[in-house]
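What follows is a single chain, given as structure tokens, in the form predicted alone.
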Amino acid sequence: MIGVFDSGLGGLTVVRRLRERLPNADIIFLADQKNVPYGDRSNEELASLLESHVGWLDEQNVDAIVMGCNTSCAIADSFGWPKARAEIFDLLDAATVAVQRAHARRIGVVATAATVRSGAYGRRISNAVHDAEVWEVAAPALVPLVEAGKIDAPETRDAVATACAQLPPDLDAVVLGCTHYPILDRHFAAVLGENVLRIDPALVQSGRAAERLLQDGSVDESGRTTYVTNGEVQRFRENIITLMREADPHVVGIHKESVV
């Protein structure tokens, strides 16, 4: 079984990519909607949340934890990963591989305020692509808009345009450095134009995890996805139906006290 973690709905983009590659794997997706958004929380608080949620997934006896939260990965870049029995797949590693494969040199990163504050993307990409120029900009309005289901609202399109306006011209690529952002990909495409590659780290993230798990032979299961939230269950279910196009998703609400 594969565990996927995010602060909210964004990690569904990772779940979708995993399901494309591993149709028979069992997946448990944990959304920490009690504490979303993560972008304006302190590093110490985020490190504590990460430890709690990695521990919870590890207790479910998952074979791997595939991170769907860029902010948590950025925190782990500074604080280290919590101890876990399961192997953890880091989104920042996946994004760096995607940038290398794209042969991009002028790279924008749009992410949460906490991710940008950490500077993790700039460090990782610059270490891997030595002549790269990296610009990181925060887009704090986007996660709450996605969580509220305002995918096509004018205010959401405006928020994407505002974030992209902070980037310099003539970029080779823009990394969507929060898994909520690929849900808004059409808005990014409209603003950035066809000459700027949009990099969704979930593509490489799911590929790396699938390759490892297929080697281990641990993905021949029932193909069931369990969606878990510590937030409002009914709204979560409605968003799962819309975003994952599942008529009757298996949704579980857990006591807010059971996860930090």
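All values reported here derive from a predicted model rather than from experimental measurement. Numbers follow the displayed sequence, beginning with 1.
Quick note: we don't show the form predicted in complex with a small molecule, though the next part is all about it.
In the predicted complex, at least one heavy atom of residue 38 sits within 4.5 Å of the small molecule. Although the partner is absent here, residue 66 is not a contact residue: none of its heavy atoms lies within 4.5 angstroms of the small molecule in the predicted complex.
Contact between residue 118 and the small molecule in the predicted complex is not found at the 4.5 Å heavy atom cutoff. A residue is said to contact a partner when one of its heavy atoms sits within 4.5 Å of a partner heavy atom; residue 143 meets this definition for the small molecule in the predicted complex. With the small molecule omitted here, the record of contacts in the predicted complex names 179 to 187 of 179 to 187, 98 to 106, 160 to 168, 126 to 134, defined by a heavy atom within 4.5 Å.
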